[in-house]
Structures are given as structure tokens and as C-alpha cells.
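Read the single chain below, which is given as C-alpha cells and is the form predicted alone.
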Amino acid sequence: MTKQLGFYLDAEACNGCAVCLVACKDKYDNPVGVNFRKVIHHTMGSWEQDAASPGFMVPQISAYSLSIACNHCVTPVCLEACPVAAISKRDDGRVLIDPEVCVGCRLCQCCPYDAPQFNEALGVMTMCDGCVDLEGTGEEQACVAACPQRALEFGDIEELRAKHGDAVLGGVEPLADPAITQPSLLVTPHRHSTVLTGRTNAVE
């Protein structure tokens, strides 16, 4: 593998509008229920006793959104699970499904990010390919181009890491433990998020 392509997400900038999801769905003309990209709305917090007013409870809550697609993982469990070798990892790091080989068994749905999607009309699994058809055109991926907050980027992970030094590699709640698949996803955590290394970002 010559390089590893992947996504970058600025969780501080993402407002959960789902324009990225719609743009992706429109480009691939996916049917109802098939979404290569999804937007997770994560909430957390609790009610606490108000020290200034005994007997009263005050909310200590927060929320943020994460836009997630196939993370083109370094060790994709979907590839390992496929019994007919319909899933491959290219030299550029993209993880792709060959519809001519796929038998629609759905075993690749073991993916902790729910990336492989079964297209009932086609009878095969489908998922984000990083807009591989735009390769060499200079155009941005559909989701990246559509984001009004400019919260998404796609490119070489090492270049994205150098550009966004505060980003973490895939480990932000409520996403899966990055050790499972080594996702090619860099995230600048929201200020209220918990990074899955045990470090909690400061709450403002």
C-alpha cells in the first residue's frame, strides 16, 4: 500500500445538518434505507443538585454530531468476514466492494461503523468508495463539497494529520474502539467529547 486515504471530521464545526448524507445519497441514487454516510447525534450529561438553591436540580448536558461513512480501515473486519473475497483494499487505502463478486450474504455487516449497506434491489452490499470515480479530476467528494461548515475533508491520512495536529485517529465516543479496525478517520473532537484513550476534553 503506497498511502492511506481517509476522512477528516471537525466535530466542533459539524452542526448535524446532514447535507453530506443527502449529497452522497443523491450522487449514488441510493434507495430508502441505504445510506453510505450517516450523522450521529450524541448527547450526554446529567441532572445535578443546585448548590445555591437546595432542592433544585440543574441540567449539566451537552451534545454534538459526527458525520461518518466507511473509514477505509487499515484492518477492515468487513474484508476478513467476506467469504467470496468481494471486498478488497487498494494500494491507496480505499476499501471497495466488487458488486460482480458479492453474493449479498451480509456477513460484512459486522463492521462496527455500519458502513456496508445491503441494496435489496441490486441484491448486493454497497458502501462509500471515497468517490473513486472523481480520482484525478480535482473535484472533492460529494459529502466534502456539500458540507456548509467545511467540516469534512478527504485525502492522505498523514497529510491530514500534519494539517490538523489536534485531531485524534477515530477514537471519539460514541464510535467503536479504534483498536478494532484502525479506522482511517481523523477527528478534531468536540469540546464536550470523550476521546477513547481515557482522556476527556475540558468542558467549557
Partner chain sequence: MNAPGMPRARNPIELWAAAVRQAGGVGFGLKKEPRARQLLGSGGGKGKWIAADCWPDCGSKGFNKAYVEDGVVVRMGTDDTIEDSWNKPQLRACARGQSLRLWLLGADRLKYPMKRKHWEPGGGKKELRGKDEWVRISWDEALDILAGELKRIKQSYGNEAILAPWVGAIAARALGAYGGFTDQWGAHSTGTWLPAHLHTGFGYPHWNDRFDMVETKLFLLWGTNPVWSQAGLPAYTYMQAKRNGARFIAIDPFYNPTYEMLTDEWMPIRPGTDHALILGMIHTLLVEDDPAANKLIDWDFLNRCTVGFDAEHLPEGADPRDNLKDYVLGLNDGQPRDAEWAAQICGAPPERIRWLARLLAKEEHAAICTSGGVARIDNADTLPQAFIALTAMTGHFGKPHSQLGVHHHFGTNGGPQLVQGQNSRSYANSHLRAPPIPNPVCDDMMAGGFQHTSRKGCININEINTAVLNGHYTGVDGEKVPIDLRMIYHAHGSRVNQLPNTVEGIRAHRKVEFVVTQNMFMNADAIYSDLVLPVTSRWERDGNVCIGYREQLLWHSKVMEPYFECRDDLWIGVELAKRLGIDPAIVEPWSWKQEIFNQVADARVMNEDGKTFEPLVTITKDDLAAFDVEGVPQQGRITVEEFREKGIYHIPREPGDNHGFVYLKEFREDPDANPLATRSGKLEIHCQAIADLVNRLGWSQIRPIPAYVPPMEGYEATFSDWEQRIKGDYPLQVYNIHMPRRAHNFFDNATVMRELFPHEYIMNPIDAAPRGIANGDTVLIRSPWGKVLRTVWVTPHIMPGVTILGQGSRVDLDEETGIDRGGCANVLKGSKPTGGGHIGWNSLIVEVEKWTGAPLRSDVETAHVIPLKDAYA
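Heads up, when I say rigid core I mean the largest set of C-alphas that superpose within 1.5 Å between the two forms. Numbering follows the first chain given and starts at 1. If you're wondering where the values come from, they're calculated on a predicted model, not measured in any experiment.
The form predicted in complex with its partner chain exists for this protein as well; it is not shown, and the discussion that follows is about that form.
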Contact of E100 with its partner chain in the model of the complex (heavy atom, 4.5 Å)
yes
4.5 angstroms heavy atom contact with its partner chain in the model of the complex for V195
no
So in the model of the complex, is its partner chain close enough to Y64 to count as touching (4.5 Å, heavy atoms)?
yes
D133 versus its partner chain, in the model of the complex: is there a non-hydrogen atom within 4.5 Å?
yes
Relative to the superposed rigid core, does the CA atom of Q149 travel 2 Å or more between the shown form and the other one?
no
